[in-house]
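Shown here is one chain on its own, the form predicted on its own, set out as structure tokens.
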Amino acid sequence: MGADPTFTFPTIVRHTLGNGLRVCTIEHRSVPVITFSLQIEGGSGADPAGREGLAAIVADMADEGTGSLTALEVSDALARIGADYDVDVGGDVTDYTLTTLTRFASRGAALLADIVTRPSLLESEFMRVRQMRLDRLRQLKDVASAVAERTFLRLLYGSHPYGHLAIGTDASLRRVTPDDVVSFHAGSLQPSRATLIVCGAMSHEELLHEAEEAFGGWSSVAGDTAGAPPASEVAPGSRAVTTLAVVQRESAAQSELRIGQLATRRVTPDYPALLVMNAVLGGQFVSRVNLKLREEKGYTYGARTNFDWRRGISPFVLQTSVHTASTADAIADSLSEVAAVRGMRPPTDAEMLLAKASLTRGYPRGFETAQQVARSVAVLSMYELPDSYFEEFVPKVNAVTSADVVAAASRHLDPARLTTLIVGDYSAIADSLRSLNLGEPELHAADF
């Protein structure tokens, strides 16, 4: 393999408007397109206890009409400028993004400002949006992977703000009221709690002008809007590790598996080594877990591992779906591979080469469009990473050694703290699970 190509990330110029809104401008002139990405502090981690799913409802209702436009008129206004609008509710932040042609920059910025800062939040729209989410929850209850994701979060985090899906639960959504939506929007969508990223084929001065024109009049709401501390600052309570848990799905032909633990924060100095470790263990097709469970044993069509990064303590997860009869054997092999990467079987030179290549080859292709660049700067903002982060990424990954991988795995993965969850036919696998020596399983309902 040849040397990795050099990569220079575009210059980021930072500003702060008079209302406290932080603005990042980035010139990107390859095509006449502009992206506005507004990042709001909070996300699903800011859901009030008992009102899980509230942040996502507020985000979903943003384009369901503004002070001057109905929901259909908002949709028509987006279509008239060929805009791509999207909203993403994460554990720590909510991102509202709009991309359009540069010649529609002013209209796009003004429309996004209306959508986010001046939504109508009508009761009729609330009832419709909430019902759609309740219907979706009923559907997810029959999807094994969704049941596994929800249950696994609860097992790892308990009552911590990270311990629920953004969509919430049936019970919590039914408790949410239109007044909750209005109050949450007023308290959380403050310019002082937001960062606007503007990236496009204009000068920094022109990009800043568009931001000021659209968002300069956005004012804070008087009163206490601090609310609860950010989810990232809430320590998971000390609780006994659930070694083995099962959600019963009678006559299921397959078992949906999750194996993992709370590991570390995204800003850990071990981040490059953990990325390489994950690539070796389960982050690519030729990783150890996939080769073992799919290629060697034929238990599954695919198995993978990943870190679900947050500002706060983040989980490491191994996930796969295996034939019911292979459940216990697949768990045993998975646990063995996790333990081995901590030192019993360090990554070989060939594994290190492939792992690094999967992370670095083609890396610049992730920054080709204005939308990609804007979202990358949003990552810097969310985790408070230096502007040089993307330029330093490839050299730092290439500097990782096998010993670094073993050391990082030893610090952040502990076989004794792993939780194994099975969503499958417990009656068919109960006897075989005893061979794992993980104790009697906790039985959980698929409660949505």
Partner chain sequence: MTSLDIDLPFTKRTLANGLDVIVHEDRHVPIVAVNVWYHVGSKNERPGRTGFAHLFEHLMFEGSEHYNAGYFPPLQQAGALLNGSTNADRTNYWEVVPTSAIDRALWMESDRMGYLLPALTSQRFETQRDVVLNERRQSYENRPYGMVMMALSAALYPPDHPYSWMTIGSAEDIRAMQLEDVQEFFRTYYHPSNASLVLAGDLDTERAFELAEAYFGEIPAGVRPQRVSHHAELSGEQRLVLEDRVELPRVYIAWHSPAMFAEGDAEMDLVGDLLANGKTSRLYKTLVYDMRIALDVSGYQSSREIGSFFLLVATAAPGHTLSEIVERIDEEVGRVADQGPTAEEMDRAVAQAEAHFMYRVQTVGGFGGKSDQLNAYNVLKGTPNYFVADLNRYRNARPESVQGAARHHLRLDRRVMLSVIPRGRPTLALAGSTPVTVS
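Because the structure is predicted, anything quoted here is derived from the model rather than measured. Under this definition, the rigid core comprises the largest set of C-alpha atoms superposing within 1.5 Å between the forms. Positions refer to the first chain, counted from 1.
One more form of this protein exists, namely the form predicted in complex with the partner chain; it is left out here, but the text below deals with it.
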| property | result |
| --- | --- |
| Close approach of P364 to the partner chain in the predicted bound form, 4.5 Å, heavy atom | yes |
| Contact of T94 with the partner chain in the predicted bound form (heavy atom, 4.5 Å) | no |
| 4.5 Å heavy atom contact, S106 to the partner chain in the predicted bound form | no |
| Touches the partner chain in the predicted bound form: S68 (any heavy atom, 4.5 Å) | no |
| Contact assignment for the partner chain in the predicted bound form, among S219, T243, T369, S159, heavy atom within 4.5 Å | T369 |
| Among the candidates V33, I40, L380, L413, the residue which, in the predicted bound form, approaches the partner chain to within 4.5 Å (heavy atoms) | V33 |
| Among 267-275, 206-214, 167-175, 119-127, the region lying within 4.5 Å of the partner chain in the predicted bound form by heavy atom distance | 119-127 |
| Triplet E295, Y299 and S321 all within 4.5 Å of the partner chain in the predicted bound form via a heavy atom | yes |
| Stretch 271-288 - residues with a heavy atom within 4.5 Å of the partner chain in the predicted bound form | Q284, F285, V286 |
| Core-aligned CA displacement of I57 at least 2 Å between the shown form and the other one | no |
| Per-residue C-alpha change between the shown form and the other one, R417, threshold 2 Å, rigid core fit | no |
| Shift of T100 between the shown form and the other one at or above 2 Å (CA, core fit) | yes |
